[in-house]
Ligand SMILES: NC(=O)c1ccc[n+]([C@@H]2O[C@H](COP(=O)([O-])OP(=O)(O)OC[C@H]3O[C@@H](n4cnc5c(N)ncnc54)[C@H](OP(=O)(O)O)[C@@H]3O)[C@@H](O)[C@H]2O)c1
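Heads up, the chain below is alone and in the form predicted alone; it's given as structure tokens.
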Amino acid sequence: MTSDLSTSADASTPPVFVTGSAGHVGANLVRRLLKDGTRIRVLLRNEDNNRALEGLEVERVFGDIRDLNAMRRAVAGCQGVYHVAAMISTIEGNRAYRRKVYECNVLGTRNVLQAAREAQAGRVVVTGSFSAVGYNLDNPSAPSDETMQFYPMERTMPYERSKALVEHECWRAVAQGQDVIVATCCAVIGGADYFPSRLGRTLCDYTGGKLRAYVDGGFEFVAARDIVEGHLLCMHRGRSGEKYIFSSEYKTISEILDLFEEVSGVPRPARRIPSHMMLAFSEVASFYLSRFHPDFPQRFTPGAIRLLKKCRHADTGKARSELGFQPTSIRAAVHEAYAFHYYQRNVITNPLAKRPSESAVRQAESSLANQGIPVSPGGGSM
């Protein structure tokens, strides 16, 4: 593990430790913390795409959450931990792939918690997943809250099972006296999406004309700024040993495509494939790809389609009443995501696509200013 100190924050203040800082949620969290004047130490891996941290005044350490000793060195001297890192996946994968999901998510969380406990680093906020929250078995679309337990007696994705086990690690640590809170995240959309995320990639593919049909269904979506706010609320106001669900709005896939058409000007696909037909096709395709090409990107996997068919809704009442959570709109988040991909990543190349709205451009400018990158009003970064 190596480090690179490049922060102008008060050196006498212990840094806050952030894992997963190059990912979508982590990149937005780091920018918010910097805006608030927080000294930050981020965990990176040399082999990852770390562009999200370029130009930011943060202390960088390199290591792998699966390495306990590396985590001990990384968290030493920190006060406050945001454990955002996770291997996100909707595929079944082969045996090696499933083991990697388990080791990254479950054992990685155990290592971060243990290292933080040994270092007396204070409160740890762990990013959870709505897919690890239970639901009404007789009415899956009924709103789910934090009291509903994950149901393991049906077919679930390795990622879902791993995130349920992540919560077990958190409550195990709480039982040992550690201060841990879970910030439950839904499907994220917004700016600072460098990898990009699953939704960010779908937006770019849509704008490029690669999305010619869709499967309807619905899910809970959260604006990047809202899930970041949720993490901060957990750190400063949450009760130890609790989890809180953060979502902005429930949207159907058809409604999401309406927003994609609004923001880009590219007509949405008219063809809707029945979910049962797409599920049958995806079972065959995913079986082959997961076993022989596990790294090949898959959009409509069996697991993703099963989730969309449930049309799950979230009850955010606990986060609202206990923490004062006030979600913003998914429409605004889609506009911010589009502006980010248009200006910063320069991947919106369809000549028929509209330029981002002025309000979305201002949000993109605010994000890029943190990195010292000006935005050209004519399109593209200068």
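Computed from a predicted model, the values in this text were never measured in an experiment. Just count from 1 along the sequence shown to find any residue number.
We do not show the form predicted in complex with the named molecule, though everything after this point is about it.
Look at 255-263, 201-209, 116-124, 159-167: in the predicted bound form, residues with non-hydrogen atoms within 4.5 angstroms of the named molecule sit in 159-167. In the predicted bound form, the named molecule sits within 4.5 Å of a heavy atom belonging to residue 65. Contact annotation: residue 15 falls outside 4.5 Å of the named molecule in the predicted bound form, judged by heavy atom distances. Contact check for residue 45: a heavy atom falls within 4.5 Å of the named molecule in the predicted bound form. Though the partner is left out of this view, residue 195 does reach within 4.5 Å of the named molecule in the predicted bound form, counting heavy atoms only. Contact with the named molecule in the predicted bound form, defined as a heavy atom within 4.5 Å, holds for exactly one of 186, 78, 215, 233, namely 186. Site annotation in the predicted bound form: the residue of 181, 173, 85, 308 reaching within 4.5 Å of the named molecule with a heavy atom is 85. Contacts to the named molecule in the predicted bound form (heavy atom within 4.5 Å) from stretch 121-144: 127, 128, 129.
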